[in-house]
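Structure 1 and structure 2, given next as structure tokens, are two forms of the same protein chain, each shown alone.
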Structure 1
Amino acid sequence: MQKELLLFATTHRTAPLEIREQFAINSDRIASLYTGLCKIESLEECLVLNTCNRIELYLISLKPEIKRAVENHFCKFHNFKIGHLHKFSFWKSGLDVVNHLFEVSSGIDSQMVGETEIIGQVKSSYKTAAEIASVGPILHRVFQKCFQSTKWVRNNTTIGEGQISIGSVAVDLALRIFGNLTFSRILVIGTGEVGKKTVKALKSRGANSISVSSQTFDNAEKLANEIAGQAIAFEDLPTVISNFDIIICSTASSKIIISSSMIKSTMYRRPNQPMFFIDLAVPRDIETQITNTPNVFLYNLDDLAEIANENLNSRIGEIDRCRQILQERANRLWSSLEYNGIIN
């Protein structure tokens, strides 16, 4: 019996941030998503790619009817109405899945075109799926070829050159608010990788007063040591937050950490000093209503990515070239899978 390669996905292209944060899965719950998927009849292999901008399920199935079962499980898992799901998600099959995966891993489909973090996330997802033995010979082969193609594109095109990172956009915005970052006091809440990179970008432009807070104090201390900062207890946030000018949030919390009422009382203590909030978390850590407070500026992941992409027009030509190269490689892989009669 021939198998079919399917992809079910919801990404930043199909779902706004408010929806994506409802679909966010932290590392503790990913195993339970796999458990449910593995129970679906006729599902031979599966791999979940879970980032802040996308949830993608790569599936090898014996029957096309599994689509309904996958959607049901996905909606049940996220407590989401199935009727609304189609607006924010899509299915692909066969060669289109391979093309899509190659584009995703090479950064062409990223919110910030050309970024390199995605390949690490794809590799990490592959590793997790391999550990729990949810991937079989087909997905193994597809993903190995995907890593090779990504490496080739990275080394032989200029897709990653002149990279405009979240950090560099955050620095530009901070300069528009404070002018000089030497005296700006920075607080990082959460120990996420993007948050860390943003702090490093701010440090490179002169910021030197950095504090770190995390729900786990040990993690905060570890990051504080790494970036020559100071650790702050998570419980002390409401009282100390008024001492900071730039606040970067990148926690995995599913609840709001900085509320509108907290910021109102904070600004009462420092009415004339602007505050810059960078919310890099999905789901978001900061209540959007804080922007109604004067002298408060809030940017989330989508805002920063949009600004970064505005500056990427020069890379558009290179994207087309990459896409063409990746398509050729995807076609070759697909032909070989079909030739061997292992996929339909």
Structure 2
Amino acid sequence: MQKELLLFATTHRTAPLEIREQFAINSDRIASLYTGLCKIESLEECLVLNTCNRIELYLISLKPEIKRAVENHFCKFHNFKIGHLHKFSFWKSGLDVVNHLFEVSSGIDSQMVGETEIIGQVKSSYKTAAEIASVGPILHRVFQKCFQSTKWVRNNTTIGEGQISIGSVAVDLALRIFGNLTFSRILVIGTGEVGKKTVKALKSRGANSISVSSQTFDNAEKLANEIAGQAIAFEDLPTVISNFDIIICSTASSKIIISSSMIKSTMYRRPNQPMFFIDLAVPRDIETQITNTPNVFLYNLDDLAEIANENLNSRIGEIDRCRQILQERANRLWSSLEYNGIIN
């Protein structure tokens, strides 16, 4: 009996930020999601791609009836009503899944078209699935071909020209606001991949006063030392945050880091001095109600995507070229799988 390749997903195209953050999974819980998936009868392989803008389940099964079981497990895992799920999610099968994966990995399907972080996230997700042995020969082959195609597109087209990343776009936004970052006091909260790239982008754009904070002080101190900045203890944030003009958050916390009550009291200590917040996290680190306080401005990932894609029209031709190349490669892979009777 031939097997079927399926995709179940919710992304920035189908779900607003407030829904995506409900589906976000931190690294401590990803194993639990896999455990439940691997118990589904006739599900032979699975891989979870979990980023700030998408949660995607790549599946190999003998029976398409597993769809209901996957949806039930997904909703139970997230404590989400299954009656609302179809509004924010979609299914793909066969060649459409391969096409989708190739476009995701290359950055064509990203909220910030052409961004560079996604390929690293796909590779990391593949590594996790391989380590727990939830992927088998079919997904191994599909993802290896995906990596090869992404590398070709990156090396032979201009889709990633300018090295678009969440961190670089956040810094572009800061430059738009202040014009010059030389005298701006900046605090970056979070020392993961996005936080590191943001700090380095700030330094390269002329920022001289950069502080770093993290729930693990050693991580903050290490990153701060790399750019001759200052490390701030996480527990000291409520008392020192008033010293900063720009605060950029990118933690993996499941709880609010900066509350509206914290900022309301903060603004009493800096009258008539605006504060700008950029929240790069999903779930969000910053309570949206902070903007109820005068002179406080907040931007999130959706705002950054608008900035990153402002010149999208000028790149439509290159995007279409990349899409055509990727489709040709996906077609060749799929034809090979069908020819060898590996998949339906």
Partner chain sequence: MHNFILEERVFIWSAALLYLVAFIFGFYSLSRSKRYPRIILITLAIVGFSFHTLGLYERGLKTNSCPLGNPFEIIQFITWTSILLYLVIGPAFRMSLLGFFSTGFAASLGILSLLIAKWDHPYQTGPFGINPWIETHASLALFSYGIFATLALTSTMYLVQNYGLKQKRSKGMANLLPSILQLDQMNKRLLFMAVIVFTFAISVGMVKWIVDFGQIQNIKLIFTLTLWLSYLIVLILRIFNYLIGIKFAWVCVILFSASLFTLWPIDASRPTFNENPSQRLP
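Throughout, rigid core stands for the largest set of C-alpha atoms superposing within 1.5 Å between the two forms. Keep in mind that this is a model prediction, so the values were computed, not measured. Counting starts at 1 with the first residue of structure 1 and goes up one by one along its sequence.
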| query | finding |
| --- | --- |
| Either 1 or 2, the form predicted together with the partner chain | 1 |
| Threshold 2 Å Cα movement between structures 1 and 2 at Thr251, rigid core reference | no |
| Core-superposed C-alpha of Ile241 shifting 2 Å or more between structures 1 and 2 | no |
| Flag for Thr198, CA shift 2 Å or larger between structures 1 and 2 after aligning core | yes |
